[in-house]
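A single chain, nothing else alongside it, follows as structure tokens in the form predicted on its own.
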């Protein structure tokens, strides 16, 4: 089996969020599961990629890419890691930027990237069995594959899978730039049109052989107006090819036993060492050093999606308790300013780190007793899994992948079940009530320790998820053979 993953970011080379984690972990997990498979990833060669990786890349191809009236240079560089071949698309005009996203020409940049993927196949003769594209930035690769190249030799045997990591971001543009920017033919308009504008995600959903969301619950949620962000009629129409598979996390990268970014290593057998990480972080952040004070952490993009309004609504009420609150993240200015203000008002209880810092996040996971994730919607979520790996008890809202991965703590027939605390409604009162349940358990040190040990042993690795993806790919390819 030959699989080519297309993604706009991939760890350890580039990252702005969970997509990079998946692109860096799933291909390696598939390769480990089936060493005979040929697993590749293609992503832009951003100028921000660390020199230590760039120096080891090999230039494997050079050609021009046509995009409407443009004829642009494209270099292809390769890098081998854990049996996976990573290909990088080089073009400094599009990818020598200060950040991965957020520029006025993002539509054109990623249209070029998608066109480069097609040209790479044609120039190299490398036609995978499956092209697995991810989110709107690679949606055009599916559209180009099926609409422009679907009948051509080599291309016609390639099956397309499209993953929706977050349906909020769909790649919506005015039809006026359909030809000039996206090189879309007029006859394709019905495929990409949604509510009077170009919708690249919609086009990929229509064209793909299978559509995947990053959790089973989210696959059901996006069929509804509440979660579908206007695309729910299309999702319902094509629900026959929709699959939900819960993401996993990289158990090598996230491992408190070997993690050199935390203060002291530990396992579920030596979980008492976790307290040393708490006291060390308290010193680092200027909080009072108190091993017995429960530390609650939030590691998140600071946006409405993440339910931060629920926390801001009740933060001062929560701080009436004997707790410490640590926030790491950046995003909307109103949340950034609020948490800065909160840390100034309660310097002995709150530390607000308004930035993106992956290594600091691991130190916080290792130090925290409770991890709060009150998302209004969450396609999958990885933070609750990482927190569990480091023994921080999750408190989450029951939505998307949070619902699939965290089940409420309770006793059934005298036995402890569940791996966290959950609340159903996006209500700040419910959130505070459940947080205080977790804090109440914290005061029962033996029971809380038992829960922390239990969640550290819970399997959130890619092992199970990779098997489900392999089954999906096998099913798609078996259908191809039948049709032939």
Ligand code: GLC
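Numbering follows the first chain given and starts at 1. Keep in mind the model is a prediction, meaning the values are calculated, not measured.
There is another form of this protein, the form predicted together with the named molecule, and it is not shown here; the text below is about that form.
Trainee: Given the named molecule in the predicted bound form, answer whether the residues 214, 305 and 381 all have a heavy atom inside 4.5 Å of it.
Mentor: Every listed residue reaches the named molecule in the predicted bound form, so yes.
Trainee: Residue 466 versus the named molecule, in the predicted bound form: is there a non-hydrogen atom within 4.5 Å?
Mentor: No, residue 466 is distant from the partner.
Trainee: Given that the partner is absent here, does residue 22 sit within 4.5 Å of the named molecule in the predicted bound form, heavy atoms only?
Mentor: Yes, residue 22 lies within 4.5 Å of the named molecule in the predicted bound form.
Trainee: Using the partner position in the predicted bound form, report whether residue 210 sits within 4.5 Å of the named molecule, counting heavy atoms only.
Mentor: No, residue 210 sits far enough from the named molecule in the predicted bound form that none of its heavy atoms falls within 4.5 Å.
Trainee: In the predicted bound form, does residue 301 have a heavy atom within 4.5 Å of the named molecule?
Mentor: Contact check for residue 301: yes, within 4.5 Å of the named molecule in the predicted bound form.
Trainee: Can you pick out, from 297, 199, 277, 166, the residue that has a heavy atom within 4.5 Å of the named molecule in the predicted bound form?
Mentor: Of 297, 199, 277, 166, the residue with a heavy atom within 4.5 Å of the named molecule in the predicted bound form is 166.
Trainee: Can you work out which of 368, 170, 138, 247 has a heavy atom no more than 4.5 Å from the named molecule in the predicted bound form?
Mentor: Residue within 4.5 Å of the partner: 247.
Trainee: The chain here is shown without the named molecule. Which stretch in 264-272, 372-380, 351-359, 280-288 comes within 4.5 angstroms of it in the predicted bound form, by heavy atom distance?
Mentor: Of the options, only 372-380 has residues within 4.5 Å of the partner.
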